[in-house]
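Shown below, as structure tokens, is a lone chain in the form predicted alone; questions about how it binds or moves come after it.
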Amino acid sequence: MPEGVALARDLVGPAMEAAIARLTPAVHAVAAYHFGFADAAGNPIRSGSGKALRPALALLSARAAGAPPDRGVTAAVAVELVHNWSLLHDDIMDNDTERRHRPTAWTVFGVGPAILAGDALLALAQDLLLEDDTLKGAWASRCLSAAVLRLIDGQGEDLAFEKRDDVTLAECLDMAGNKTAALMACACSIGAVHLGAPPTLAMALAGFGAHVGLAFQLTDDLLGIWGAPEVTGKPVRADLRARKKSLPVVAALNSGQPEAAELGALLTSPEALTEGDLVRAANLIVAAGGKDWAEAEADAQLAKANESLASIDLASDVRAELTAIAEFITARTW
């Protein structure tokens, strides 16, 4: 695990618990369970609250601006609150019943309470930033709001794709750029923005995050088909079972290869997909080149991310840690 991720857990974890403690008791119960701070009965536990990747990047963006990492904690907490708002709502929209090897919050507390908890996290994130009543606080808030609007746009596109059989690869990449890369770009720049760093630095860091976000989504889509449950926290081939128009799937469907037609027919069949169907679909994606394309594109996006940092003056340790986290979150561990 990169050093920056471990530091983020140490600094941001307690700040996250303190932040959600401000929520009303009923909402706090759902949020604490979702983050892994409590069990369904409200008893304190330590099951882990995710990988702390976005908080780590936010702290590094503060360091990129010449500040110690603790100066980036508020921005890091805000980004992580927004990320988990999206997860709470995504689990409901995708009908996912498991996250981080535990039942999802909506299956434990109900759909309504889970939606409200997500909404509360979104409002709390902005509250934290706007408590800094300087222009810097407002800039950071605007940065986060812009990412949220793009994330909502991307999620809407993702839902719309479920009803279409003609999704292009360009549309799918655009969707991923909104749904995933926008918040990653925000995470990589918001610490610097909150400290009033020069726009050139903030923009370069955001560019780095945007490319890392696309590489991350490509990796996540690969894991959604071929990843082991102990790695993903979800059943194997979960994305195929849900017939998601993920990037490897769309690449295969648009490949022009003979296997594309069979894959399309399989995924649009009105019949429930059997385990044999899922295995066949995964094999067709490989045969049509979807898996190879996604792996190559993830590597290309990672290279572009590092190129984004080439034009700015960064401390060598900060540059190295940004690169290490990017490689860590795009590692394909099956």
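Residue indices: 1-based, along the sequence shown. It should be emphasised that the depicted structure is a prediction, and the values quoted were computed from it without experimental measurement.
Not pictured, yet referred to below: the form predicted together with another copy of the chain.
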*Partner-contacting position among M16, L23, L11, I325 - heavy atom within 4.5 Å of another copy of the chain in the model of the complex*: L23
*Could you work out which of A120, L87, A210, V167 is the residue within 4.5 angstroms of another copy of the chain in the model of the complex, going by heavy atoms?*
A120
*Choose from 258-266, 136-144, 188-196, 218-226 the stretch whose residues reach within 4.5 Å of another copy of the chain in the model of the complex, heavy atoms counted.*
136-144
_Contact flag, V148 vs another copy of the chain in the model of the complex, heavy atom cut 4.5 Å_ = yes
*Give a yes or no for Q155: in the model of the complex, does one of its heavy atoms lie within 4.5 Å of a heavy atom belonging to another copy of the chain?*
yes
_If we define contact as a non-hydrogen atom of the residue within 4.5 angstroms of the partner, is A65 a contact of another copy of the chain in the model of the complex?_
no
*asked:* Whether E230 contacts another copy of the chain in the model of the complex should be assessed with a 4.5 Å heavy atom distance threshold; does it?
replied: no
*asked:* Can you confirm whether D39, A41 and D70, the three residues that make up this candidate site, all sit within 4.5 Å of another copy of the chain in the model of the complex, judged by heavy atoms?
replied: no
_Can you list, in sequence order, the residues from 52-76 that come within 4.5 Å of another copy of the chain in the model of the complex, counting heavy atoms only?_
none
